[in-house]
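Presented as structure tokens, the chain that follows is alone, the form predicted alone.
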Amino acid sequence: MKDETRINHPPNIELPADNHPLNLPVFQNVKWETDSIEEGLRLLRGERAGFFYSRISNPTVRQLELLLADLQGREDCLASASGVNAVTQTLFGLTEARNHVIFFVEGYGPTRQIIRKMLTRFGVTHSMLSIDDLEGLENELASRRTKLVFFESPTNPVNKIADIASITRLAQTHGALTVLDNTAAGFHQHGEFPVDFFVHSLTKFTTGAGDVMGGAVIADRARLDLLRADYRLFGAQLDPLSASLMVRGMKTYFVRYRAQSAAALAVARFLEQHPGCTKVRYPGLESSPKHALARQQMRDFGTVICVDLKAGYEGGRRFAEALQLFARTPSFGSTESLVMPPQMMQPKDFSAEQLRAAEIGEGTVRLSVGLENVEDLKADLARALEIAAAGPGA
């Protein structure tokens, strides 16, 4: 064997059967072969276990998928390149022309745009309601055949709590599927409800470091088989290195999520008493309109706080720019605290009436609480609120 050949066929290393690595190796690999073509064909037909091409499946990614499915209380999971991709592929995989989708004004902007713009181009109709309007949901489901109901809890950005039991019951009664964007609640909550599909942005809580991007849809295997072929054809699979970082990061998931949730509750209580805040929306607050429902549905209330500032739109700018411990950037769930000012929060596709229904005001700010010392965060917020209230040039 000449050197040019040797370097393309390096020695294979096989571990003894009783010699196991504690962490699964990163299979930074695209292709696998079998000892015969017939075995390769059996693999492609699903008649045997194994791997063929990483766009179809990869061992490192598969470990993450099975871990997340188990946490969510379902059988299987498909990981993808981003949270928005998981939403998009799920919506496209479950709908076709002349189907109808119901979603809610309180929700993630890109999801709304996918439904209102992209699905509409392919003949899928939609209705947009308020997550609080269960009577309207029942009437809409009764008046027209609906393929699926897409919702969030807590909603992004204003932290409304959906009545998951009622929404799933109404959908089942009228033959509609349910898709819950469970990103804010995390992988360990809401699995006891009969939701058909959970979608997650893995960018938030898997590592907590804001260093990888990914998405996932989680369901029982028969449900997920409705999406599997389309997922492969979209070609937006999660890469193995990101998956390995997520598996590693998930080892501290509960420590991070619970500590950040406790800190968020302490910060929310502090803000609720501050005269610079007109409204503080956090499910763990006893003053929250759906606090009792949140306590029934959730074990931890999450890391996101939504605040309405008395200083309004420009006051929100001053507030965000005065903060020293909160990075002015999107997303949530990372170990550092983040802020989204009104200038980054206002939906561009909403009418004034829809903005009121969504409860996003001119002074609405979203905070994501990290793992800093709570007293340091309170001091930083208090100083920024003073600057916001003082007005321009103060």
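Residue indices: 1-based, along the sequence shown. The shown structure was predicted, so the numbers you read here are calculated from the model rather than taken from an experiment.
We do not show the form predicted together with a small molecule, though everything after this point is about it.
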For this session: Could you tell me which one of 316, 283, 186, 214 places a heavy atom within 4.5 Å of the small molecule in the model of the complex?
Result: 214
Exercise. What is the one choice in 159, 201, 260, 90 with a heavy atom within 4.5 Å of the small molecule in the model of the complex?
Worked result: 201
Exercise. In the model of the complex, does each residue in the set 83, 181 and 332 place a non-hydrogen atom within 4.5 angstroms of the small molecule?
Worked result: yes
Problem set entry | the small molecule contact in the model of the complex: residue 231, any heavy atom under 4.5 Å | no
Exercise. Can any non-hydrogen atom of residue 152 be found within 4.5 angstroms of the small molecule in the model of the complex?
Worked result: yes
Problem set entry | Non-hydrogen atom contact residue 253 with the small molecule in the model of the complex at 4.5 angstroms | no
Exercise. Heavy atoms within 4.5 Å of the small molecule in the model of the complex: which of the stretches 291-299, 96-104, 161-169, 203-211 has them?
Worked result: 203-211
